[in-house]
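In structure tokens, one chain follows: the form predicted alone.
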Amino acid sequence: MRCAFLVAWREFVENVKTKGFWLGIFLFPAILVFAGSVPLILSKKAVPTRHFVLVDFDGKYAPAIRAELARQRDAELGDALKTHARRAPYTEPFASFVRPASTNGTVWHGGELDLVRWKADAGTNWLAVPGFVPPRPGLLERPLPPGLENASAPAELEARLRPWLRGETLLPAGDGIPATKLFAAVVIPTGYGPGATNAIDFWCENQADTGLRDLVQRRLGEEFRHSEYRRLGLDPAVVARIDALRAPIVSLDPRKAAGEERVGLSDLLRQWAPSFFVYLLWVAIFAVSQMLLNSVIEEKSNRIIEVLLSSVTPGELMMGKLAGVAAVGAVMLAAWIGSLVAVALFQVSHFAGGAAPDSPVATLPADVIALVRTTWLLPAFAFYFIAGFLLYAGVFLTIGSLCNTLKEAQNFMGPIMLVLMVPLFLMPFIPRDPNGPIATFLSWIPWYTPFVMMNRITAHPPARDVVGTAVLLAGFTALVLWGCGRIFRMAILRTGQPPRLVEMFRWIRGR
């Protein structure tokens, strides 16, 4: 055992010293931060302001579209103000904003911002908050280029607008706006309306950016419906109030104690948190097993393995490598989970400043702690990581002993990867029916037991499934390691072409 321990320590130290290990440690939290922040930042910073022209030949629908644009701009400013209020060094705590019914000289209610008044002047829709910089608008209507105001028909106007739409001519600078390309033109023809056969012409090179097009279509669709309501003698306000009615539903869990049956965020976490741990388990097992495979192939190709086997037996070498790389995986997982907790707590503390004490954001840390304390989530994760790692790492270690190069190992990796990919495909469906026939059946297949049972662990699976699959997994893992050990002992010093499948079965049988 002492020799196996020395091999394990050497394997651990050698892997921990590599750049790849530290890259994996720091890459995971970086991915978490970027995955949550980069799309939001890109949506706000990377997409430029879209400059467009709006021409309504009848003048019936342009005001409605402009009103919707103003409402969208108000929402952009409100979000930016909330973010600014959280970051600004005010003495009073931030409270949630309440949008007044009228912006004309009224107040945004929000703690330290109560005394700040909304400017309702044309073109100055922002709050005079110290240090607040209004975000640039996502959509900005521009006047028609000079000389195009006298176009008498949509066809004439559109033909003359083409140089601007193609970027051959830029919109002139003005009001602090530099000369820029015209993004789109919205042309509403004469006679357009409900039941009309003509349509709005939406001119734009970038049809993938549908923000403006969707806004126009959504707002005019509402106008058409309101017009039809009025034609039928219905009050649109009454219709809107009726349409806003919802059937109240309270989700209750029959397994909870009397008086505590209401389903909250903690219950949803209990249902979906295992899926995250399953993905983490999958990544960890694959990454660490791949690390073990590369290590064996490198030592075998460099003839280092012969030096090692002069001091230890093949069994001790295999046990030491498994234990050492498992320790590497445990350290990596601990760092990942710790970074996840740190990022989550930071996000919660950042966004919970104006949240009510009983809001989901404010209670999230307590809900997570309760989830960990009242379930077998972490002990189960530890057990299934060890069992799953030993199961798959034994196979990867054996593949490494059979091959002299990574290219040869790819031929064996194909079937293993197919087996490993199945749990990923099934993970979104297991939480929906964690104790159903499919989940139960897959739980009793040892190759999938770590992933499926990890996903079922907080759904109160039957005791026979928990205990039975754990015993079956432990026994199957021991059997696989025994067979892999026999192959490892015979193949570790072998050179040349990898053995055939029939020959490996003979090694397992001791022939």
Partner chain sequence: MSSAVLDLRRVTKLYGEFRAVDDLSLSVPAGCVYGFLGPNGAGKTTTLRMILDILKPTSGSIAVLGAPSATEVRSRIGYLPEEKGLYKKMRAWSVIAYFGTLKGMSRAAAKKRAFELLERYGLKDFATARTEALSKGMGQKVQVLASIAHDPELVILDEPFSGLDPVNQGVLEDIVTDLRGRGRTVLFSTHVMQHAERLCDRIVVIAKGRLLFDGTVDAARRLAPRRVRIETADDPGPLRRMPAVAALHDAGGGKWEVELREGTDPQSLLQACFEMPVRLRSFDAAEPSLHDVFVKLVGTDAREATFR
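What you see is a predicted model; the values in this text were computed from it and never measured. Residue numbers count along the first chain shown, from 1.
The form predicted together with its partner chain exists for this protein as well; it is not shown, and the discussion that follows is about that form.
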Its partner chain: the contacting residue among Val239, Leu139, Ile200, Leu308 in the model of the complex [heavy atom, 4.5 Å]: Leu308
Its partner chain: the contacting residue among Asp209, Asp74, Glu408, Glu299 in the model of the complex [heavy atom, 4.5 Å]: Glu299
4.5 Å heavy atom contact with its partner chain in the model of the complex for all of Glu14, Arg303 and Val312: yes
Interface membership of Met504, its partner chain in the model of the complex, 4.5 Å heavy atom rule: no
Its partner chain contact in the model of the complex: Leu493, any heavy atom under 4.5 Å: yes
Any non-hydrogen atom of Arg2 within 4.5 angstroms of its partner chain in the model of the complex: yes
Trp9: touches its partner chain in the model of the complex, heavy atom cutoff 4.5 angstroms: yes
Region of this chain that lies against its partner chain in the model of the complex, out of 152-160, 216-224, 312-320, 391-399 [heavy atom, 4.5 Å]: 312-320
